[in-house]
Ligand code: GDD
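Shown here is one chain on its own, the form predicted on its own, set out as structure tokens.
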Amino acid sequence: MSSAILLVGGMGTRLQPLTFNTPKPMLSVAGVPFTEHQIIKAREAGFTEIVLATSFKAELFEPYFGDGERFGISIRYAVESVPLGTGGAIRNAASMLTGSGPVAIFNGDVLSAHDLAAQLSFHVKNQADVTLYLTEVPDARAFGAVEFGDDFRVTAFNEKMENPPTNMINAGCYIFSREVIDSIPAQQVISVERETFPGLLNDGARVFAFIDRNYWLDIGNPSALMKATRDLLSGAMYSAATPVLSDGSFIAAGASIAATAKITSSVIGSGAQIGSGAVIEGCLIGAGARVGQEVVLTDCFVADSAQVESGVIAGGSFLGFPLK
């Protein structure tokens, strides 16, 4: 049995107001909660069980995902009454796994096309303690930069810094041996990035880098959330969880579209209302949003429950979000 843990406890402050009532991992991406894309990715790679490590708005996950039967993978839930950090969350969630082998750990805000099955095989082949999925970015300052040797053995793990020594970054998916997970202190706030990984390197543990330069995106802000949706709709990124589209668009149940409105390559959220004569192209319209008559929106993101007055013409705009 192949086991995984998905870290979905974050609040998503950069995505407010979308995350006032919905945790970031449950926000819609191409018509389904983002977490669904990650669960299906794990299933497609051959994983048979996954534990969701929840904290903020934990009660919203299980009603949607249940025991995982309809997704073809066993799902359980580890709830943190107090956030335990990435390491503490992993240790807490691992107690609910039934398998005994290596465990894949996913950050709850990364959309990637990396080969998860190959990462697991690489981990087993190298008898690794931890295998980090790394990818290359133009500017690594906002991420953890990872250094490694010719044998892909990790030599340094650098958290966010102004002058990173490399553009190879921690891409948010790890394979852990069970021994490493068991070594993380229980019920304590622990960061794997700041404490566990540096500690393992200091102890001479077998930490390896798995390099994959395929599609990778951190969905931590509205621009990235919209890009993820557009890339999935256009086929620039593939996910087996993306729903069947109608003329390149996804219209959620409960949305109301006027007969004379024109919708192209867009996602219309549940309960949204699109007025007569509106033209919506390449947009993400949030749940419960109201778009008036004769509105023309191109490449726009309308926040949940926002209102766009009749006659508005906008392109490349974020409507209904607080001013920065």
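Note that the structure is predicted; figures quoted are calculated from it, not measured. Numbers follow the displayed sequence, beginning with 1.
The following text describes the form predicted together with the named molecule, which does not appear among the structures shown.
Only one of 235 to 243, 118 to 126, 179 to 187, 212 to 220 lies within 4.5 Å of the named molecule in the predicted bound form by heavy atoms, and it is 212 to 220. At a distance threshold of 4.5 angstroms between non-hydrogen atoms, Ile175 is out of contact with the named molecule in the predicted bound form. Taking non-hydrogen atoms only, Gly99 never approaches the named molecule to within 4.5 angstroms in the predicted bound form. In the predicted bound form, at least one heavy atom of Leu84 sits within 4.5 Å of a heavy atom of the named molecule. A residue is said to contact a partner when one of its heavy atoms sits within 4.5 Å of a partner heavy atom; Ala53 meets this definition for the named molecule in the predicted bound form. Shown here without its partner, the chain carries His37, Tyr64 and Thr229, none of which come within 4.5 Å of the named molecule in the predicted bound form through any heavy atom.
Distance criterion of 4.5 Å from any heavy atom to the named molecule in the predicted bound form singles out Asn170 from the list Thr196, Thr131, Ser112, Asn170. Residues from 133 to 159 that approach the named molecule in the predicted bound form with a non-hydrogen atom closer than or equal to 4.5 Å are Phe143, Gly144, Phe157, Glu159, in the order they occur in the chain.
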